[in-house]
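Structure 1 and structure 2 below are the same protein chain in two forms, each given by itself as structure tokens.
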Structure 1
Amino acid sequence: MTAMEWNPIRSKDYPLYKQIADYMARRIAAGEFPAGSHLPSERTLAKELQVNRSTVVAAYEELYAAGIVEKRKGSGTIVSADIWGMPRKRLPNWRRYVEQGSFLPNLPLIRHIQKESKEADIIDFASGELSPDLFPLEQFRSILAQQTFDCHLGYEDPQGNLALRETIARHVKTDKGIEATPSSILITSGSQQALHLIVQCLLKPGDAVAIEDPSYTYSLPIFQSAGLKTFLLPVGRTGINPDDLTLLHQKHRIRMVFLNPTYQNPTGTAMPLEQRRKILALSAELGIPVIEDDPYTLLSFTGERLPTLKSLDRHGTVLYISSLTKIAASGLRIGWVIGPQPVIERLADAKQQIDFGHSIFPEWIAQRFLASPEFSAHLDRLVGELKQKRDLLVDSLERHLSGIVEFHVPAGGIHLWCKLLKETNDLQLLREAIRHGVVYVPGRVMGTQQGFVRFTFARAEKERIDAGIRRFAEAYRG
């Protein structure tokens, strides 16, 4: 059997490198490559099989981990002399361990976007972080300089620092109209950990959940890792249609629904009050818990703040998630869940098993910051700066892409959802845009829709926004 008589089959269920490793192992077993003989070079075999050299490298690593071949510097890959049973040290096949773990990795495209967004010369419309000039650094420096650290350094309360939870209870009452007590709050490492705890603790494999389409949660592998069945709720100009949730529940017995109703990621839409009331009525009628992910309510550009679902909740059906990530600093890693006390205690128990409770230092800073007059001043400045960035982005889109894109101007938040009117290959366009020096998130990462992009305007510097859209336009026009 020669390489030219066999070709790998491109299948997501049977990776190319594994096919090649199995194929070469068969050739070795058949005596085509005796003990001590050289295998074809990685470059030669890649050319024969018409695959990337990295694929052959991975295949040879499989054979090496299995003890079938040896690597000799300057000599290439050689069939092991003791392949027929002589004692030999064998390495663990770490690649197989990595691929077989139950907790799934991020999508390769997500990892690629994250890597590219860190390049210094790239204009970043992909990251959900604030730009460094929007962090409240001076306020944090003032807290550290003027206040004495007076907390113990042992393990924290499983629900989080009591003083911080008391401050958050006052904050959500004042700024969002949510009634909460410290015992109904759990401090988490941002919203991401809150979602992970909810999925792991309150659901079981096979449960059906509903998520928005498009949505940030669509890109998360946590649902698949937990063995959940996800069903999609289309997001229109005013968010999801409550009737769609009713139909989904009738067909699939939905156990939980995940919503981001205010300045939704990625569409920027804000669900009207009446629609929110209908969602809550359905939740109470059907017994479906609603997970409200709310990072953006305080980032309103009109001065009007829509009521959160939690503030309207009269039946205790809403678990509320928020954080300081989008309104202060992502690196602080302070988020929270508000819900019924038995649920909070269950989530706190799981968090305690994972990390023995939150770190006291960021909790201490967050508590002082939220309780200070500087928090409101920072928020006012932040909203003003983000509104300027949004306006610059809209102006640039109209200047450089008029007639070939459509978009809805968000009234708050940090995302703008853009429809591409010119037919294009999403992945090819992203590659070309990166080559031009700009990165963003293709719509397909966030849901089933093709021909959309998400421009996030929080991270890019104001003076580079127009250049970023011009670069995108050059890539898009070809």
Structure 2
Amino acid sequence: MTAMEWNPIRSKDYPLYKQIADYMARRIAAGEFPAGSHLPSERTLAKELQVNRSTVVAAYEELYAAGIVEKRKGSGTIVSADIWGMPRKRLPNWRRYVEQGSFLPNLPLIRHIQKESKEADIIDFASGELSPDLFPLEQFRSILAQQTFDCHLGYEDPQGNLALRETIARHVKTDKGIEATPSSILITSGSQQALHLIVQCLLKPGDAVAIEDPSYTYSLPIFQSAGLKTFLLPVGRTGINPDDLTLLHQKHRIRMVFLNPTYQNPTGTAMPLEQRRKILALSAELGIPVIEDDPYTLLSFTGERLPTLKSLDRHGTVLYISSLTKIAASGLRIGWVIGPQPVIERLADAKQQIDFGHSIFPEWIAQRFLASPEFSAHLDRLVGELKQKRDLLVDSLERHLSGIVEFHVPAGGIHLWCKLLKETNDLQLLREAIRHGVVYVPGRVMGTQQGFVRFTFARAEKERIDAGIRRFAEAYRG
């Protein structure tokens, strides 16, 4: 309900000022103006509603008399701090609802970074997505222009469109060496939904899970909301140490382990083959399922692709998650899980309850795109561009921060994990950096390590990478 949609009606029995007072009270109750927020100025509201300013003044007086608003000299009309609990008006206490829902919100720092990264002039090393010039826009346009949409428009199979699942089965076989059938695949709204479904359907509150430290930020509230106990596996130069998993299991009876073994978010590390085999052997020996979160394998800059855990999985202990986010477009929201059929059916049943299955339109585009020869041409170009961005970032770090940072050059993916050698306050540095026009993710929001920064190089334009690091260096040097 906005002012644009509502106007008072002239009536003998219901004065304009009263209509406006009730209307604003409804907007306040609906949470549009939380406690402590400012109502529009009298002049602004009068203009919007096309009434005299004196009518709005009278309406605000009415709200004041009812204790709904306060008047503060010089700062206008403010919603009362205790309005949310006011029994007289029987207003729901929205703030309490908002704070007490079982699904946890993002960390305030993450929300702040997200907001800053959208500012026009800021150079964005924070967002984990491709820059617009790397999306396969031309290919999508040509699919939309040349091919006839011929799909069923009713509710889809809860596992997702069959043609897309067939195409994904072929794609993972060709590009990742993974054997899958359409019935072992579930289409999800990105990897994010896959993670959510797995946590909700296969685990229960109190279960112990092992996660990487540091790890992908957006998975943390999902684990916490589900009441899981998370135990940390430190990520070293080559990923996690399998012995740490054994130790954690002995102590806490780990029920599931979440790994991003290739070009890990945020450290950029890639786990060598022998370590992969060890993890798989352990997983089979201890009976712990491994969730392999794999958005980055195809973004290898070395010309060779590391084998996914799933492609080496001889005992069926790996549930594999991937998506088109980092290799095509985040906005498409196409991801998938590959796993044993009973698991996939359980997850599909939950997905059906949540959203009645995926929308056919992104599925259709994704299927045409993945099945077309343009897909591998796009991937080649994308990898070349990302490699150039990585090189520009490395050059800039060496030029502007030599001797005061330390990092390993990632062999693929989109993240570079940078250790700050100079003593700094992480939050103050972020604030300073934003003031200088650059944003990134401080390491501390992704795990226990302090004094690290994640620079993501996919989003910033090539021409601005050097300026971004220069701005960071100014903030860091102080």
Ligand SMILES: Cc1ncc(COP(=O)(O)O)c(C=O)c1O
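Everything quoted here is computed from the prediction, not taken from an experiment. Numbers follow structure 1, counted from its first residue as 1. Here the rigid core means the biggest group of C-alpha atoms that line up within 1.5 Å when the two forms are laid on top of each other.
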item	value
Of structures 1 and 2, the one that is the form predicted together with the named molecule	2
Post core alignment: A467 C-alpha displaced by 2 Å or more between structures 1 and 2	no
Per-residue C-alpha change between structures 1 and 2, P40, threshold 2 Å, rigid core fit	yes
Core-aligned CA displacement of Q19 at least 2 Å between structures 1 and 2	yes
Cα shift between structures 1 and 2 at A29, which is computed once both forms share a superposed rigid core (Å)	24.3
C-alpha positional change at L220 between structures 1 and 2 - rigid core reference, Å	2.3
Angstrom shift of the Cα atom of G67 between structures 1 and 2 (superposition on rigid core)	7.8
